[in-house]
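Below sits a lone chain in structure tokens, taken as the form predicted on its own.
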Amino acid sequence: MNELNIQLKLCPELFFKDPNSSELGKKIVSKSIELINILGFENFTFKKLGKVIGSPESTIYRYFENKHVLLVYVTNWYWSWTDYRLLLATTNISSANRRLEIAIDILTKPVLVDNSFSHINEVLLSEIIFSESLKVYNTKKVDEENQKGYFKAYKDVVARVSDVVIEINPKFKYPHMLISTVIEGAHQQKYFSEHLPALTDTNKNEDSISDFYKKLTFNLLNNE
């Protein structure tokens, strides 16, 4: 599928100028993902990014207010892309159980590079989601940013999969809690597997995380 035919809708409050509207904007996003992965978010700065892209630091501020907003932007991109993948993978599948299985796989398994978006390395971006995404909404301004729509893409993903949960079991009281737990828990288990393996039971050669959350989810729905 051609990149030009796919447009992910991101919250316009996140940028002064749409990064997708210029090659420089795309380069800012692409190189920021690479640099955050190398340095970590704490050590990442617009000054360092400017040196990497060969542009003054002031150029980056024409697109983003600060590095926190840039982190929110790339996180939004990831969740908008995930929502697109969910829609693509589950359309025309009549079985709600099968749609939920597919959704959990998408939410918990390692991602692959999507050539439809050539300026984004989705594998590197997923690493940011695993290790840095809590910093997106664990801030003093979370309520204000929520009102602006900063987290809509993530909420849309949770809502889409929660609707399938309700379709399977209309009496289940906690669909959003369940799906957000699956997402955040899978991220934490992946982080544990790489850095604190004694806290998890994952196996690099198996889909342990995905299997665990599918069993957890369906056991809850079938026993409610």
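Position 1 is the first residue in the sequence shown; the rest follow in order. Since the model is a prediction, treat every value here as computed from it, not as a measurement.
There is another form of this protein, the form predicted together with a further copy of the same chain, and it is not shown here; the text below is about that form.
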Are any of the heavy atoms in residue 119 no more than 4.5 Å from a heavy atom of a further copy of the same chain in the model of the complex? no
I'd like to check something about residue 195: if you look in the model of the complex, is any of its heavy atoms closer than or equal to 4.5 Å to a heavy atom of a further copy of the same chain? yes
Can any non-hydrogen atom of residue 137 be found within 4.5 angstroms of a further copy of the same chain in the model of the complex? yes
Considering non-hydrogen atoms and a 4.5 Å limit, does a further copy of the same chain approach residue 20 in the model of the complex? no
Could you tell me which one of 62, 48, 26, 176 places a heavy atom within 4.5 Å of a further copy of the same chain in the model of the complex? 176
The chain here is shown without a further copy of the same chain. Which stretch in 129-137, 95-103, 77-85, 111-119 comes within 4.5 angstroms of it in the model of the complex, by heavy atom distance? 129-137
a further copy of the same chain in the model of the complex: within 4.5 Å of a heavy atom of each of 14, 30 and 55? no
Under the 4.5 Å heavy atom criterion, name the residues of 144-177 that approach a further copy of the same chain in the model of the complex, in sequence order. 146, 151, 154, 155, 158, 172, 173, 174, 175, 176, 177
